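As C-alpha cells, one chain now follows by itself in the form predicted alone.
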C-alpha cells in the first residue's frame, strides 16, 4: 500500500514539474482577469477617443487665461461630443512669449494654433499686407451688434478682425467710501474732474490722505484720461499725436493735482501693480484710484482689508457731454495661419469667447467685464460671488450706463513704442523727476516716434 502511495505522489510531482517546465502560467483568479480585461478595454477606448480628438496648442502669458480656456474646453466637449478637442497650453513669461511668437510666425514654423497677444504688442503681428494671423470676421461680424465694437477695432486691420479680447477693460474709479465719509464726500456727487479735485481737497483736509495716486512708470492713469477726450498716442493712420493739445493739458492736469492742488501723490512703487502700492492702499493710503474693471481681481487678491469699503463708479467727465470711461488694456486671442484645423479652432473661439455662455464665464471665472454687453443684465451676472462680496452689487448696472462711452484705441504699428515711451520716460520725467515740463516731455517723445 505504502509503495502504491509513493508511486502516485511521484507521478503527481513529475507532472507538476513537467507543466512548469513547459511554461504554463498558473491560472489567475477570475476577478483579477476581469480587472485586467477592463483596464485593457479602457486603454483601447482612450486610444480610440484620442484618435477622434482634435489637438490644439495654445500659448499665453497669463495663467488666469489658461484656467479660462481649460474651462471652455471642458464645456465644449460636453456639448460637442462628436467634435471633441484637447488643448495643450504653454504659459510663458510676457516678453519671452511675444518674442518667441514673432520668430515662429516670421520663420513659418513652430507657432501655436491659438495664441494670446497683449494689446500693446498686437500691432507687431499685423505688419505687412498678409499678417500671419487668421481673419475672424466669419464669427465676429454676426455677433458684433451685441458687442462693444471698440474692443474689436483694437485688433483689426483693413476691415479684418484678427483678435478677440477677454474684456472691455472699462476704466472706472474705485473709491474708498470709508475715507470719503470722513470728509463728508458723496462719490455720486462727483460728476466732473473739477468736482473730483474739489472733493480731493476736502479729503486731504479731513482725512489727511491723498485723493488718489498717479502712476509715474505706467500708463493706466494717463491713457484713460486722454481716451475719454477722444485723444490717443497715435491718430487713426498710425501717426504720432502724443504731443497734441489734449494730451499736454491732461498731463499738466495730473501734475497740478500733485504739486498745485496737493490732492495726489506719485504712486508708491511707481505704478498700481507693485507690492509697495498694494500695501499702501490696503492700509487706506488714498481715497481712490483710477483703473480698469479688470483691476477688481487685484483688490480681492492683494488688498483684503478693503473688503466692503471700496465702491465702483464711472470716471468723472471732462465736460458735460463727455465720456465717463475708456477701454483699457486687453489681450486678443488669435488663430495663427499655421493652425492645421482653422474651422474648428474658429468654432471653439466663437463658443469660448463670443457666445453668451462664454461671455458669462469671463465674469464668473476671471472677474472681467465681458465684451458682450447683452449679458450684463443677465441674472447670472448678478449672482453672489467673491467680487460682489468685496464690492457690493450693481457693478453691471453701472457698466450699462457707460457702455456707449468708450472710444477705441488706435493700435498702429508705432503703438508698442509709444506705450513703452510713456511708461518709461514721459510720466516719470514730467511727474516724478520733473526734469521736463509735461509739454516738453510729450514733444520730445513724439519727435522720437516720428523719426522711427
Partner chain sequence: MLSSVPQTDTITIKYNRKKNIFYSDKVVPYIFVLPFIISFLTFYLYSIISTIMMSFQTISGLNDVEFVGLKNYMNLNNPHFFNALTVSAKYTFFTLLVLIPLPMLLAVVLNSKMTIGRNFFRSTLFIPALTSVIVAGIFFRYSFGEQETTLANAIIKSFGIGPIVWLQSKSTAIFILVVLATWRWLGVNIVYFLSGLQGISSELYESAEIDGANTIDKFFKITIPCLKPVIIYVVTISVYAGFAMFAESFAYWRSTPPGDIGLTLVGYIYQEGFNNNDLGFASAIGITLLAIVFVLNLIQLTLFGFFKKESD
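Residue numbers count along the first chain shown, from 1. Owing to the predicted nature of the structure, the values given are computational and were not obtained by experimental measurement.
The form predicted in complex with the partner chain exists for this protein as well; it is not shown, and the discussion that follows is about that form.
The partner chain in the predicted complex: contacting segment from 343 to 351, 247 to 255, 103 to 111, 294 to 302, heavy atom within 4.5 Å: Of the options, only 103 to 111 has residues within 4.5 Å of the partner.
Check your understanding: Of 355, 229, 99, 77, which residue is found within 4.5 angstroms of the partner chain in the predicted complex when only non-hydrogen atoms are counted?
Key -> Here the answer is residue option 99.
Taking the partner chain in the predicted complex as the reference, which of 128, 308, 208, 142 has a non-hydrogen atom within 4.5 Å?
If I apply the 4.5 Å criterion carefully, the residue I get is 128.
**Message:** Taking the partner chain in the predicted complex, would 118, 172 and 316 all count as contacting it (heavy atom within 4.5 Å)?
**Reply:** Zero of three within 4.5 Å in the predicted complex.
So in the predicted complex, does any heavy atom of residue 365 sit within 4.5 Å of the partner chain? Taking the distances in the predicted complex, the answer for residue 365 is no, it never comes within 4.5 Å of the partner chain.
Can you tell me whether residue 439 touches the partner chain? I mean in the predicted complex, with a 4.5 angstroms heavy atom cut-off.
No.
**Study point:** 4.5 angstroms heavy atom contact with the partner chain in the predicted complex for residue 147
**Key:** Taking the distances in the predicted complex, the answer for residue 147 is no, it never comes within 4.5 Å of the partner chain.
Can you tell me whether residue 452 touches the partner chain? I mean in the predicted complex, with a 4.5 angstroms heavy atom cut-off. Yes - in the predicted complex, heavy atoms of residue 452 and the partner chain come within 4.5 Å of each other.
Since the partner is left out here, which residues of 423 to 449 would have a heavy atom within 4.5 Å of the partner chain in the predicted complex? The stretch touches the partner through 424, 425, 428, 429, 432, 433, 448.
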